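Next up: just one chain, as structure tokens, the form predicted alone.
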């Protein structure tokens, strides 16, 4: 049993489809009005069927009022970290502190290269991501003396002025599955953001993810509880229960409460591209899950 004690968050993982043009933004508005905590969009800059995710995040921020927004996850190989840091800080200020940074090391290298990016090996991409995170944090660190100083192998940002400062402490959540990436999360990130559907062993694989993060955090002198465990999920509402996240809302709440209490997951982001599913998730599943977890935590 691993419960890191974080408050529970619930969000939507919305496809940034370019047609109909306003579909993704309207679903973010639905999620905002329904009371969800997060609206997120995948980021594949080489995919012409999708809107550019950064542009979409900016437009959605202007159309929403309280919900936080994030890439899920932004493609670092095609988004240089210093300009990205300033873009994030600017949108965070403009939105009233509602932007988070979900980021990844890349993975589809042929289209990344076709868009002008550099092909990296798995090990190189992890090292580049760690350097990129350092650049981003230094740009935001307006209270530190002197300019940004990152002399990395993949990113050299030397002498750049710091700022602007974000309106709040932007969280950096990393899409990660394998040991080297998970160790990076433990050392340098605020959260891990895998997708349940990509875990070969299902939810049981979360135990291994936690172990790698916790060990790396401890080695770096960090409290493992400082790292939020987020999870992209999918499911189907049905009158009767058939399988995990396949049944009525009450069963969903029990399934998610189990993930929270057993594996420490504290943010559940549902892949959904229709308003009724998003609204039901917010109205029925989120409060019931919070209640179940709160009851267990009081014992």
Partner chain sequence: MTYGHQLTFGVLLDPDAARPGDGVLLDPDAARAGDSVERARLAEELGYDVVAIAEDPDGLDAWTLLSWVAARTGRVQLAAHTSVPPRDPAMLARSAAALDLLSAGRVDLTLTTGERAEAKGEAEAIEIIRGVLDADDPRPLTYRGEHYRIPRMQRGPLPAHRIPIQISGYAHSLLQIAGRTADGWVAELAVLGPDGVAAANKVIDEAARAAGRDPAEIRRTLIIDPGVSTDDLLPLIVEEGAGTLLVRSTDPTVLRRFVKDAIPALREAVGKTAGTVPGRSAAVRAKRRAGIDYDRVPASLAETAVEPGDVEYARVRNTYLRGGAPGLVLRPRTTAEVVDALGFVRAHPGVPFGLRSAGHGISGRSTNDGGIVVSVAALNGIEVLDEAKRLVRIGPGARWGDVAAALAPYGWALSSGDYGGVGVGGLATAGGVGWLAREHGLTIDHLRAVEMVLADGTVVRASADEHADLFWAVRGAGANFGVVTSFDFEVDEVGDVGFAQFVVGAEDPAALLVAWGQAIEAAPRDVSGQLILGPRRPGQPSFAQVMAVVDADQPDTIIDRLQPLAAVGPLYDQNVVLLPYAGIMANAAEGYHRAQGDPVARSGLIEHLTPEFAAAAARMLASGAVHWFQIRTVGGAVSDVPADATAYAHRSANFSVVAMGSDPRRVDAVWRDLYGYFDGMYLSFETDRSPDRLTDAFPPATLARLRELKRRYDPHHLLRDNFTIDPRGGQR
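Computed from a predicted model, the values in this text were never measured in an experiment. Positions refer to the first chain, counted from 1.
Same protein, other form: the form predicted together with its partner chain, not shown, and the subject of what follows.
Within 4.5 Å of its partner chain in the predicted bound form, a heavy atom is found for every one of 25, 98 and 161. Figure note: of the listed segments 226-234, 30-38, 45-53, 244-252, the one touching its partner chain in the predicted bound form, with heavy atoms no more than 4.5 Å away, is 45-53. 91 is the sole member of 128, 91, 170, 183 with a non-hydrogen atom lying within 4.5 angstroms of its partner chain in the predicted bound form.
Residue contact check for residue 141: none of its heavy atoms lie within 4.5 Å of its partner chain in the predicted bound form. Shown alone here, residue 238 lies farther than 4.5 Å from its partner chain in the predicted bound form, counting heavy atoms only. In the predicted bound form, residue 207 stays away from its partner chain, with no heavy atom inside 4.5 Å. Contact check for residue 115: a non-hydrogen atom falls within 4.5 Å of its partner chain in the predicted bound form. Contacts of stretch 6-25 with its partner chain in the predicted bound form, defined by any heavy atom lying within 4.5 Å, are made by 18, 19, 20, 21, 22, 25, listed in sequence order.
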